[in-house]
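Take a look at this single chain, the form predicted on its own, given in C-alpha cells.
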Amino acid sequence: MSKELAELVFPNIDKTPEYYEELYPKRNLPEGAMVTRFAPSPTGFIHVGSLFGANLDRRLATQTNGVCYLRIEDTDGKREVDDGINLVINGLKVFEIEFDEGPKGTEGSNGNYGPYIQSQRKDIYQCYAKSLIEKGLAYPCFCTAEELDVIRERQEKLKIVPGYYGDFAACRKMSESQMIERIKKGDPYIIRLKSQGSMSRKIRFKDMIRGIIEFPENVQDIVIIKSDGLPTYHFAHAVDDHLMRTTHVIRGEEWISSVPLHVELFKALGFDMPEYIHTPTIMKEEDGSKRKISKRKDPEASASYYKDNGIPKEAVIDYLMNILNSNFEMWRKQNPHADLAEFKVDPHKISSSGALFDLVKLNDVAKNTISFFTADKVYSEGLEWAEEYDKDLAELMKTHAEFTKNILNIERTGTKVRKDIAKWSELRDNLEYLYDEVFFEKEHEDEWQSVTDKAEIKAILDEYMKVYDAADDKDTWFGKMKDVAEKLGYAREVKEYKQNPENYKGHVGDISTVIRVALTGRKNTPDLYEILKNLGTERIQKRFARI
C-alpha cells in the first residue's frame, strides 16, 4: 500500500506515530512498578466483577509504587448513559478506589498521558491506522452488511471458522487503484487489519495466573476503524495501553481468546506487549451447579447493591480479597485491625477457576468487620445510611443520639464481642425496640419461652423490681437475679436444675428470659445488664407495667 491511499483515507491526519511516542514517553518509575488501568464503558453500571478487577488494579499499582489510571472506553455510543463517567467515578469512590490519573468527572482530568476518554483520542487512533495502511498492514473494506451475510452463510454451509479472512476477505484482494477509485466515488468503507497470521502456527504467551497458554495465530482481518472514524475496542486498547505505558493489563478471563489478535496488533504496530492477568469469572452456586453471576438475576451483581443495603465498604473489599487471594482470610484473622495496604496481593495466588461469590460468607465477613468498629463509627456510618434510605430511623437516632451510641457500645469490648449487625439496613431491627416511641406503638408478640403463665410472669417481674438497683455492678446484679430465682422456686444454677429438674420450676436463665422479653419483646438481645442500665429504672417499670 502507498502513502497515496493512506492520505486519501486520512487526509486530516498530519501527525506521525513518532510524534506520539515523544509526546507520551516511557514513565520514570521505580523498577518493578506496575502501571495498571481500569477501563470501563460509561454505562453507569459497576458490576461486582468490575469492582473485583478495579480493586486488583489499585492494589497492585499501590504496592509496587506504580500508577493506576482510569480510562473511559466510550467508542460504542449506544451503551453510554448520561453522566456515565461521574457514575463510575463516584461508584468506585464508595469503596475507596480512586485513581492517580484519568477523568475527574466535571473537574476535567489529571495526568500527562491523556486524553483518558477514548472518544477524545480519535486522531491518535487514525494516525496509527494510517501508518498501518502505509506499511501494507491495513486496508479499506467496502463490503456491505448483505455481502458479509453471504460470506457467513457460505461458511456455515462449509462448517468452517466464521469471519473475514483468507479467500473470504474479498476487499483484501483489491488493487490499490481499485480502492482509490471506490473511495473517490464516495463508497462507504471501514478499515481492516491485514492479518499476517496462519492457522498452522501458534502463539505462546504467559498469563500471570494461568501460566503459559498456546493459541493458533490470529487470521481474521478484523475491523480496526469503524465507518464513523472511531476505533474498535481491540485497536484502541492496543494503542492506548502502549501510549499510556501500561505494564499489566488486568481483565476478565473472557478476553483470553482475544490474546492472539492482540498479539498480532501489538506486533503490527511495533509495540512491546504488556503482561496479562486474566482474572476468574465471578460465579454463583445454584441448584448444585455454578453459573456466572448475572446482572439480570442477581441484585448483588451490581456494586450499588452494597451501598443500598448498607454493607460497609471495608467488608465488601475484605470479602473480594478473600476470593482474590487464597491466603488473605488467614492474614485477616491474624491481623484483624491492620490496614489493608499491609497485605501484599500475589497474582500467582489468584485461582484460575471461577471465583465463587457467596452472600452468606459476605454476611459473616461484614459482621466481623462491624464488630471491630467503635460505637461512634457504627452510629455515624449507620446514620449516614439511614438519612438516605430510612429517614424515620435517622430521626430516632438523632433524637436519642447518646442513648443510641450507648446501646451500640454494648458488647463492643472484651472477649465476647457482638456480631449481630452485618449491614446498616439491619440497624432498625437492632434498635427500634429500645426506643419508647416505637416500642409502645407496636403490638407485641412477646417471645416467651419456658415461662408463659401471665400470673407467674407478673410475679417474677414484681419480685425483680424489689431488688433491682441501677448502681449494682454486674456480679451483684446477677446475684440478685439468682436470689429472685431461688425465692420463687427456680434453681440458682442451670446445672442444679439439670441434675434435679423435678425439684424446681425452672432455673435462673428462665428468670432472666422473662425479664428480657418483658423489656424488649424478644428472647435474643445484647447483654441484658447493659440494656437495663441504659433504659433506666423509670423506663424499666413502664415496660414491665404493660404485661
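From a predicted model like this one, the values you see are computed outputs, not experimental measurements. Residue indices: 1-based, along the sequence shown.
Although not depicted, the form predicted in complex with a small molecule is the subject of the following passage.
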Which residue, Phe403, Phe142, Trp255, Tyr433, has a heavy atom that falls within 4.5 Å of the small molecule in the predicted bound form? Trp255
Note which of Trp477, Tyr233, Phe215, Phe373 lies within 4.5 Å of the small molecule in the predicted bound form, where distance is taken over heavy atoms; exactly one does. Tyr233
In the predicted bound form, Glu73 touching the small molecule (heavy atom, 4.5 Å): yes
Could you confirm whether Lys104 comes within 4.5 Å of the small molecule in the predicted bound form, counting heavy atoms only? no
Partner proximity in the predicted bound form: Lys367 to the small molecule, non-hydrogen atom cutoff 4.5 Å: no
Does Arg251 make contact with the small molecule in the predicted bound form, using a 4.5 Å heavy atom cut-off? yes
Just one stretch in 22 to 30, 38 to 46, 487 to 495, 510 to 518 has heavy atoms within 4.5 Å of the small molecule in the predicted bound form, so which one is it? 38 to 46
